[in-house]
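Read the single chain below, which is given as structure tokens and is the form predicted on its own.
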Amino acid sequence: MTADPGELLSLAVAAATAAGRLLVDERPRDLGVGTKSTPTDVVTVMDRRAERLLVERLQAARPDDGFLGEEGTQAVGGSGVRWVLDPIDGTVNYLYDLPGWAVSVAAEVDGEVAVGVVHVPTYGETFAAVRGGGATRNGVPVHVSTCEQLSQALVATGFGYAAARRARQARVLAEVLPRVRDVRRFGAASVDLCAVACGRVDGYYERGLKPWDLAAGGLVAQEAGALVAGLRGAPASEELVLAASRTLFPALHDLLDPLAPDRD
């Protein structure tokens, strides 16, 4: 089966939009909340329902593809395409009925993210990107901000679930905050990366992102003009993700580097 990027993008948008409708329209009064890595790392029945919907829709169209989903879906395909899925990025936001959670769908082709879609129902926005083809919000091209001065930069970040990691991240944040315009913590990594892409924030950093947190939003940010990487020349990974325009990235990197935000 071929892997036409336009076809993959259309499938991703349709699946993410359908999952978003499910999550909004069929949200039950009892979300059946459970926990995963820590007591604050929550999962709901709707995370699992949305992941099933995504897999079923994508599998119906492309039965030979592989899958990696946050809620446990794993399948090795034979087509060279693997779908990386986060059915609710920002589950705590969803649990508390706060805006800003997202459905994240990415397609890897031969191990490289080729298509990314981040659908944010509460904002009425769908961010999309094809590698080499730019990034859009609701079909309109988006670009990173033109901020060049660290002191004028609005920076987003996020925190882990383990208490020890959160304490370390708080110490890093205490050093960052006096050096930038301000800091925002929205609660969904894919949405933070899309905020970089459209200039809502000037930069973003976070430790602990899983592949499903990074794949789609990372491509959207890159295609909007951001550099998305780790520290000291490392690629973006679970150790650290740092995203900013190419003009701001060096200053944000040099602020963070001695603070070692990639270590607990």
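Residue positions are given as counts along the sequence shown, with the first one as 1. Since the structure is predicted, the reported quantities are computational estimates derived from the model, not experimental observations.
Not pictured, yet referred to below: the form predicted in complex with a small molecule.
Asker: Taking 4.5 angstroms as the heavy atom distance cut-off, pick the stretch from 125-133, 106-114, 181-189, 144-152 that is near the small molecule in the model of the complex.
Answerer: In short, 181-189.
Asker: At the 4.5 Å heavy atom threshold, is P121 in contact with the small molecule in the model of the complex?
Answerer: No - in the model of the complex, heavy atoms of P121 and the small molecule never come within 4.5 Å of each other.
Asker: So in the model of the complex, does any heavy atom of L227 sit within 4.5 Å of the small molecule?
Answerer: No.
Asker: Classify T91 as contacting or not contacting the small molecule in the model of the complex by the rule of any non-hydrogen atom within 4.5 angstroms, answering yes or no.
Answerer: So T91 counts as contacting the small molecule.
Asker: May I ask you to check whether D65 falls inside a 4.5 Å heavy atom distance of the small molecule in the model of the complex?
Answerer: Judged by the heavy-atom cut-off of 4.5 Å, D65 is well away from the small molecule in the model of the complex.
Asker: Counting only non-hydrogen atoms and a 4.5 Å threshold, tell me whether G218, E238 and D262 all contact the small molecule in the model of the complex.
Answerer: Zero of three within 4.5 Å in the model of the complex.
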